[in-house]
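Only one chain comes next, encoded as structure tokens, the form predicted alone.
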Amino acid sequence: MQQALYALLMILLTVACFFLMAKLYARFAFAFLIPVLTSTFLIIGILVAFHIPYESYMEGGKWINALLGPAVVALAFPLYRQRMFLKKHMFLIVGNVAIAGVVGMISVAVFSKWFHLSDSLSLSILPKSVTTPVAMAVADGLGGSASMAIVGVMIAGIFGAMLAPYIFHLFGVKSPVGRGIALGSASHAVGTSKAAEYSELAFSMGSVSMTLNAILSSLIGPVIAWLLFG
């Protein structure tokens, strides 16, 4: 009973922190104030201040983490609403996502070689631009660490969402299709949520790009790993 109550308190803590940071982001809308980043730091600060072990926090956090799968499935709704547009431009979308997926993985390989990272760490962060459940499976299958894969996914998602507005402005990317594909392919669910700020079409493109990139990366990941680290 006590364990269940503690888990409930941790769930409420997480929801409350995210709600507060979402309000802050809605008020100021600076890129570096995205709720997924600020709420993470707030929760970490609370855990440190009150000496709450991570294992204790995850008594409730694991239930929120379990909702990740259904949340990804829920992205199918905007895809359905944009189904005619997707059908009309499917080859263009798939081609761009494939290029983004390959470039994303090759960039990890170049980064790893440049900084002399171990093969295990390199293979762990290779699927950094793929949504968490798929990235964990891909990294584990390649011989990497699922835990480190999560870290890579978080970094790619958070920094992608933070820097996207500046990159779009720098290169003059105004198309909702281009923005959605870029965010979904490079920054998975976090990027897709950022795409929702632009338009429903951008959000739909982010959703389909994230899904396609997950599928393509699971197929091409072993090939790239073999070519670059084999």
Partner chain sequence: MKPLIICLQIGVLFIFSYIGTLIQHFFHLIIPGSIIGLLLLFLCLCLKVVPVQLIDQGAGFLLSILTLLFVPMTVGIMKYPFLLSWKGLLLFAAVLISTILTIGISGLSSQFFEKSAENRKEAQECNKRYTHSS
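Positions refer to the first chain, counted from 1. What we label the rigid core is the largest C-alpha set whose atoms superpose within 1.5 Å from one form to the other. Model, not experiment: these values are computed from the prediction.
Beyond the structure shown, there is the form predicted in complex with the partner chain, which is absent from this document and is the topic of what follows.
- At a distance threshold of 4.5 angstroms between non-hydrogen atoms, residue 54 is in contact with the partner chain in the predicted complex.
- In the predicted complex, residue 175 approaches the partner chain with a heavy atom inside 4.5 Å.
- In the predicted complex, no heavy atom of residue 202 sits within 4.5 Å of the partner chain.
- Within this chain, residue 168 lines the site of the partner chain in the predicted complex, having a heavy atom no more than 4.5 Å away.
- Within 4.5 angstroms of the partner chain in the predicted complex, the stretch 106-130 places a non-hydrogen atom from each of 107, 108, 111, 112, 115, 117, 121, 125, 128, taken in sequence order.
- Residue 106 shows a C-alpha shift below 2 Å between the shown form and the other one [criterion: core-superposed Cα displacement of 2 Å].
- Once you line up the core between the shown form and the other one, the Cα of residue 215 stays within less than 2 Å of where it was.
- Between the C-alpha atoms of residue 136 and residue 41, a gap narrowed by no less than 3 Å is obtained in the predicted complex, as opposed to the form on display.
- Compared with the form shown, the residue 38-residue 150 C-alpha separation decreases in the predicted complex, the change being 3 Å or greater.
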